[in-house]
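Only one chain is included here, represented as structure tokens and corresponding to the form predicted on its own.
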């Protein structure tokens, strides 16, 4: 409990720092939400200035940040000028969609990465292992943007997958299972793209961890006692190699979040990515700060979950 409390305090301080610097950068950036109104000759400069005063855009950074912190305490996360609404309800739906996408992609990546990594560690230097090595090396060199554009082109040209959105308009009034099937059809392509982004790194880390463990004396003794190969790999070797993989899990959360912003924009998935782009272009300060803060929350708690799993799995860490 002391360890968890200390980590939560560190996480809270980190999130306060992220929110303040995000707020400060947006405050110091030239222009604001009402700049476009100045281009309209029917709207006087006095009217624009009155709107700035009404919404507090003329106030200093500490005052605006203090007001925003009070709104965070009430769950509003500020006020969106573009949507004319509190930021909290707007961002909650988008955050749920991003969590669905990144959760599905993480599950897909690990379900593929662990077996493939174990296979590459135990299969020697055969042609299949070499082909997989060349494939992972190639995927590491492909930019995320190009990969998602290729997936979008595949969806548009073949029609095998929906080209964007979270569900079809006809599925809004459908029953639960048809609607769930439609959401899965829209989810598969962006989740697969995100899984491919993190899969090469995951396969290589699993292979490296398993190669180190397979050379240990206790595994040679287990094989010498006639224990079946699959039992040796998954019952004895994989738990010993789990520590670096659990640490990698926290890192993969950051990779998924950064890549998901690109995937959501290109493949039109209604998550935090398109919302962040729209809010940045509109200079909707509170939406931008809330989106950046929520991404930081996902990252911090992903790493915290990885650390807690290490404590639960490794008794040596518990003793420390």
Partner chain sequence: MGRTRNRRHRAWGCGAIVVCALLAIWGATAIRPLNAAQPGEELAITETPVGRMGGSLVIALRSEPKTLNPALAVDDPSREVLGCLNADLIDINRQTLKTAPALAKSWEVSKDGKQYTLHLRRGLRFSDGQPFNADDVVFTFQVLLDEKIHSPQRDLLVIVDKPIAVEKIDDYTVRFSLAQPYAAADRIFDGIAILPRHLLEATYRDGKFPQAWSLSAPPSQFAGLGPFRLKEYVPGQRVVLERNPYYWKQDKSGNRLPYLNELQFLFVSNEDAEVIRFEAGDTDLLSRVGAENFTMLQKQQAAKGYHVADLGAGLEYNFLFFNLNDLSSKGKPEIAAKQAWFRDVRFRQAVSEAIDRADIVRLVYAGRATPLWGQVTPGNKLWIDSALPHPQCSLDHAKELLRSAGFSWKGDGTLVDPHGKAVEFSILTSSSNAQRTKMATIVQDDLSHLGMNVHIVPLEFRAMVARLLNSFDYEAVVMGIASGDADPTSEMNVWVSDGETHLWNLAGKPSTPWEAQMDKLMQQQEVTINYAKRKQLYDRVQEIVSQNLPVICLVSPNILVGAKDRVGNFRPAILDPYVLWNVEELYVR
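Note that the structure is a prediction, hence the values are computed from the model and not measured. Positions refer to the first chain, counted from 1.
Unshown form predicted together with the partner chain; subsequent notes refer to it.
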Ok, 254, 50, 69, 63: which has a heavy atom sitting within 4.5 Å of the partner chain in the predicted complex?
50
Could you tell me which one of 27, 44, 258, 59 places a heavy atom within 4.5 Å of the partner chain in the predicted complex?
44
Non-hydrogen atom contact residue 268 with the partner chain in the predicted complex at 4.5 angstroms:
yes
Applying a 4.5 Å heavy atom distance criterion, does residue 167 contact the partner chain in the predicted complex?
yes
In the predicted complex, is there a heavy atom of the partner chain that lies within 4.5 Å of any heavy atom of residue 95, even though the partner is absent here?
no
Touches the partner chain in the predicted complex: residue 163 (any heavy atom, 4.5 Å)
yes
Since the partner isn't included here, can you check whether the partner chain sits close to all of 36, 39 and 84 in the predicted complex (heavy atom within 4.5 Å for each)?
yes
To test your reading of this chain, name the stretch in 98 to 106, 133 to 141, 149 to 157, 200 to 208 whose heavy atoms come within 4.5 Å of the partner chain in the predicted complex.
149 to 157
Contact check, 279 to 293 vs the partner chain in the predicted complex, heavy atom within 4.5 Å, ordered by sequence, gives 281, 282, 283
